[in-house]
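Just one chain is shown here, as structure tokens, and it is the form predicted alone.
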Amino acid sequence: MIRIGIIGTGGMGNQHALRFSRMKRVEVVSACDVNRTRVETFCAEHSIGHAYCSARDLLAGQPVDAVSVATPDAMHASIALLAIEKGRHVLCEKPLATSYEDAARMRDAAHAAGVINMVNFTYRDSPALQAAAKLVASGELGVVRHVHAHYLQSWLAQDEWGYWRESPTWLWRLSKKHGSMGVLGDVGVHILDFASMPLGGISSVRCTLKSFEKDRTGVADDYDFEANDSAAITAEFENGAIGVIHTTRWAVPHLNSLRLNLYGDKGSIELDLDRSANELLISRNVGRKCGDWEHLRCDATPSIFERFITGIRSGEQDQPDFARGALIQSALEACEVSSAMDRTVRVGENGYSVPSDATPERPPVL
């Protein structure tokens, strides 16, 4: 039996509890939240035996093999590092941290301790995305030249998920001082991983971020609204492809829409999770002629929760790990710097870097 402790009992904590509860020989034995009433209610709802109000107390209490970190972003690093220090395996919500420095510390600590570490990029669970990565790796598309990806939400403009002014669940996502990186850190982190996963990674970005004016009627004064609402990113990928990635909270009627197009010199694919997470479209070139779109049904893939548990049992690290989370964190920070400086910023395993003014711009390819 693998014993899990869940730290953070909000919306994502509930999802973690539900996902682990469906797995054989896995038991959520404890939960933690700074709000005593909330954690006790959570434990009652999920039949969890032990409630704590600090991560340190949870780790010192009922024995656990692993922890699932589902707190607000600003708390990820300190909690994960504490768990790693105690030798526990860690599944962490995205973004991995609120800075590349912290994400790199988490990556290095997990590697040194030899614990299984994963970040919950939930859209990796899509069979279509996993199939897309295999098609690219097999050469089916030839060399991918161009990428288009979006992640569109609209909860600032309509109330399908509730009225944002009336819930801290939404308000904190608009406030930098509450630990938010805006739409970039909230869902942009997903689409950056989603778009680049089949190609390996992103090598540079040029980004524009914008926060739009909002009515403050009925909103507590301790929330500011300066976190970005929309992000438009031009990216270059490790294989040399370029592409456009964009995300926003204003895209009515989209509630939660992800789409990815990869265009290669031998074929192209399209994933649209509104249409299906289990199917993609593929067009194969025949000579110099474009083939019609074909519907390709994709094989089921283990969820990140299942991969995490399998890794604990086997001792084999799976993806996406903290190293991937740190690389995406580097891309997030590069986007922020790019928007502030209005220039291209490089992304790498050692963080972002701004080319010096002496570095000539690459000439256009004609």
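All of these numbers come straight from a predicted model, not from anything done at the bench. A residue's number is simply how far along the shown sequence it sits, counting from 1.
Beyond the structure shown, there is the form predicted together with a small molecule, which is absent from this document and is the topic of what follows.
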- Partner contact for residue 335 in the model of the complex: the small molecule, 4.5 angstroms, heavy atom: no
- For residue 277, is any heavy atom within 4.5 Å of the small molecule in the model of the complex, or not? no
- Give a yes/no on whether residue 331 approaches the small molecule to within 4.5 Å in the model of the complex, heavy atoms considered. no
- Item | Interface membership of residue 219, the small molecule in the model of the complex, 4.5 Å heavy atom rule | no
- Query: Going by heavy atoms within 4.5 Å, which of 63 to 71, 319 to 327, 293 to 301, 335 to 343 lines up against the small molecule in the model of the complex?
  - Reply: 63 to 71
- Spell it out for me: taking the small molecule in the model of the complex, does every residue among 102, 181 and 210 have a heavy atom no farther than 4.5 Å from it? no
- Query: Which one of 268, 228, 247, 120 is close to the small molecule in the model of the complex, taking close to mean a heavy atom within 4.5 Å?
  - Reply: 120
- Of the options 46, 38, 50, 307, which one has a non-hydrogen atom that comes within 4.5 Å of the small molecule in the model of the complex? 38
